[in-house]
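Form predicted alone, single chain, as structure tokens, below.
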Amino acid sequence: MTTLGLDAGELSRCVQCGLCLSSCPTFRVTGDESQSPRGRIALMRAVERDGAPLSTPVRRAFETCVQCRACETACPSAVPFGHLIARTREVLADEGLSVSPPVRAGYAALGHPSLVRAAGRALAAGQRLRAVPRSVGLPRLPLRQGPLTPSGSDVHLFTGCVMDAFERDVHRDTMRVLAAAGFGAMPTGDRVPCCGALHAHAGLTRPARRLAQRAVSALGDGRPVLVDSAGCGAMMKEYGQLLGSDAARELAARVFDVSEWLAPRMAQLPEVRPLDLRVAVQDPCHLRHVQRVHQATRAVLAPFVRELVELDDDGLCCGAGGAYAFVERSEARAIRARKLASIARAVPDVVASANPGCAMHLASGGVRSVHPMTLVARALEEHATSRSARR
């Protein structure tokens, strides 16, 4: 008999009221109670309290959770569902009941920057040979890319693993925006190869802790740590809970989403002519429901585009969920279909998304998705070009 080791008090907080149901992406597309937060908690209780077996249907209920944590925002009882599902997924992984060996190998590679970069170059070559379908949603990858050069030492810019290999231009755009606001940034690069978020979502807690400890050791100089990937920022802000050390809590307190950092400093950016774009904002779940700083994206973008429009789905998950779009493809696509319909109703020129997984998942569905910092950097660049031309 397997126990999940869940806190009885946390399990008891759920009163099965159902206010979370409309916020849960898997329940919305299936209508199945086992695919809802309260249904999953009922199954956790059955395993933990009554000795119910971890049968295939029970495991699938846990595995198909996107871990968007929208239920936490909706819950009037403050049920820490993210902690409950993370612990449950950890037990499944430790028991060998989830995460196949090939997937584990992929996660292990994320802690080795040279391997991630090699994978990026291979995919770039595949794109040139038209061997990588556009439906995968990858941005146009460079065959070669130069390193990020520090622009100063005011802040750290966390660069991470997949994003650094696949979307390094977003980091460059972020550094340009920070420079325009008067801040020099030090890219973390190989010092902190991965935040561990993907590992933690899969239940691979031990490697997640190793990567988190590496970050804590490398970034202990007291400077702010800015993050332009919502999932990474959410993970790093919870290092204190993951590691339980004072050093981890101290680092977590210095982690900011880049828009969160810039929003109160907007007066330091130059006034420019806005881009002639109607932009819909897609809130990554880990920005909206974990960090809860999604309004900062709007505050930063608004002066730099003609029009911002809101989607009418109340921030429902897009289905990316870190690696969820790759390991739970059918569920992820069903969830994305709702998001695509909401985007179509908004009729934007472009969608702004502050998370690479969301951006790629939406792009694979035919959406033109751009990071908010890229839009701001573009407006600043056009302003600088215009001024040079007038001279």
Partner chain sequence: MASRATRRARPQPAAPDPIVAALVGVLGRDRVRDDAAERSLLAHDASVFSGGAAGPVCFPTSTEEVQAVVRTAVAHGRAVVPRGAGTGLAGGAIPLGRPVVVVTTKMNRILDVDLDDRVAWVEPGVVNLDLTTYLRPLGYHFAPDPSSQQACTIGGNVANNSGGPHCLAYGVTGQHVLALDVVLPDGELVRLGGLDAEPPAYDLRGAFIGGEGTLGIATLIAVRITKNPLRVRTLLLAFDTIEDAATTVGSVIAAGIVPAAMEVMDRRITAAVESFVHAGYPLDAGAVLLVEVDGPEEGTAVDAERVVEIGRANGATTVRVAATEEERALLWKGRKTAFGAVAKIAPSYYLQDTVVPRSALPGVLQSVYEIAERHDLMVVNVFHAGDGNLHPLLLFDSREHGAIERVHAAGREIVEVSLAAGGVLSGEHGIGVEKRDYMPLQFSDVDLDHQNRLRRAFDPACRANPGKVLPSGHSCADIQALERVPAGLWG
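Values in this document were obtained by computation on a predicted structure and should not be read as measured data. Residue numbers count along the first chain shown, from 1.
The same protein has a further form, the form predicted in complex with its partner chain, not shown here; the description that follows concerns it.
Residue heavy atoms within 4.5 Å of its partner chain in the predicted complex occur in exactly one stretch of 220 to 228, 170 to 178, 70 to 78, 185 to 193, and that stretch is 70 to 78.
This chain appears without its partner; in the predicted complex, the one residue of A346, A42, A337, V350 with a heavy atom within 4.5 Å of its partner chain is A42. Although the partner is absent from this view, S330 stays clear of its partner chain in the predicted complex, with no non-hydrogen atom inside 4.5 angstroms. Under a 4.5 angstroms non-hydrogen atom cutoff, its partner chain in the predicted complex has V58 among its neighbouring residues. In the predicted complex, no heavy atom of D276 sits within 4.5 Å of its partner chain. Taking the partner from elsewhere, R13 is found to have a heavy atom lying within 4.5 Å of its partner chain in the predicted complex. Along 303 to 329, a single residue, D312, places a heavy atom within 4.5 Å of its partner chain in the predicted complex.
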